[in-house]
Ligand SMILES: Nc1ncnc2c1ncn2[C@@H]1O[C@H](COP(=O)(O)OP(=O)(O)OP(=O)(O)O)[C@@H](O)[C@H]1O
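A lone chain, given as structure tokens: the form predicted on its own.
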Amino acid sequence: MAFPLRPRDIFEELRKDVVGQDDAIREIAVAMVKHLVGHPAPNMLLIGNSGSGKTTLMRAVERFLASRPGLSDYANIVRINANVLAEERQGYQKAVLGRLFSNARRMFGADAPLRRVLRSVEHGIVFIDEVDKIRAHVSNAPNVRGIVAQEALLTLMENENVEFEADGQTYAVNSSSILFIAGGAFEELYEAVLRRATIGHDVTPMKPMVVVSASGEVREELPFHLRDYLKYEDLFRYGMTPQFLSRFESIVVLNDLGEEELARIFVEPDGAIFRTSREYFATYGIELNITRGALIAIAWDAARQKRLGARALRETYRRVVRGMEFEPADGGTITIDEEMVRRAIARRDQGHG
């Protein structure tokens, strides 16, 4: 019998929640299908600015698997901050495998056969946040915590017989089939590669280009996209060891979000900022609306804050509505227009909070 899911099916579901990252979603969709059918799936390293959608993508995968009853054995997912591996007193086995084991017990019940529980552990998916924080060196000095964490993950990724403790018992699993997806902002990596690209040591030097935004603003930008210039050597210099990187067969650089993507993120996904804001005001009988001009102005302001991505939307919008949220009217309609947004941005830029 043919497997009922195709990568395109997963892609279409995930992109309902994740805007502007189609390339990354395609990669994850293929990896997920391979993982689900028992075919070797590539571990993935996601590199993207803060607010570009790494965590949103991870959560979308969780929701997708949890919504498919037939995939329950493969819906065992844990998300862990990379720093935890360096600080975990009981070892990385407890930090990762112990959590997968506890998840399986919770999903299948305390009376579930041990074989099913351990199979779920062996086919789990581990999302690692802030993997860029476990670099092997910082300011040219060894970072012991980072080295320990990288070695811990490396052992988990390549070991076919790993023991761990849970509920007072010791278990052994083959961890080589666990799918690892790691993500990080790699802030200094962007700066280092940008300097190399700007100076043009071994690439074509970048030339400024004039950009006209959706709001009509004209500005000059350097057309820098990390994926066009990134080399493995850049990651080695950043502090990711060759042995560690070799376990990630797929390295995906997420897109920087522009005004169009930010505008869609603000209103389209189920958990979009504007949707949740409408729900808040609806509790007081208020219908909240927004004009297209206001939407463009919010997206424009967020796009100016290059390293914040979608997080900048929330900061800008909060300045517009915080007064109305504190003292909501009794019923009626509120329409957020462009002038309200521009006044809020001006107050902030003038240092008035």
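This one's a predicted model, so the numbers in the text were calculated from it and none came from an experiment. Each residue number is its position in the shown sequence, starting from 1.
Below, we turn to the form predicted in complex with the ligand, even though it does not appear here.
Participant: Taking Val33, Asn76 and Ile178 as a possible spot, do all three reach the ligand in the predicted complex with a heavy atom inside 4.5 Å?
Facilitator: No, because Val33, Asn76 and Ile178 lack any heavy atom that approaches the ligand to within 4.5 Å in the predicted complex.
Participant: Check each of Ala29, Ala299, Val61, Ala310 and return the one that places a heavy atom within 4.5 angstroms of the ligand in the predicted complex.
Facilitator: That would be Ala310.
Participant: Quick one: which of 281-289, 33-41, 62-70, 310-318 gets within 4.5 Å of the ligand in the predicted complex, going by heavy atoms?
Facilitator: Among the candidates, contact is made by 310-318.
Participant: With the cut-off set at 4.5 Å between non-hydrogen atoms, does Glu151 touch the ligand in the predicted complex?
Facilitator: Answer no; every heavy atom of Glu151 is more than 4.5 Å from the ligand in the predicted complex.
Participant: Would you check, heavy atoms only and a 4.5 Å threshold, whether Glu338 touches the ligand in the predicted complex?
Facilitator: No - in the predicted complex, heavy atoms of Glu338 and the ligand never come within 4.5 Å of each other.
Participant: Report whether the minimum heavy atom distance between Glu13 and the ligand in the predicted complex is within 4.5 Å.
Facilitator: No, Glu13 is distant from the partner.
Participant: Does any heavy atom of Ala24 come within 4.5 Å of a heavy atom of the ligand in the predicted complex?
Facilitator: No, Ala24 stays farther than 4.5 Å from the ligand in the predicted complex.
Participant: Of 117-133, which residues get within 4.5 Å of the ligand in the predicted complex if you count heavy atoms?
Facilitator: Residue within 4.5 Å: Glu130 only.
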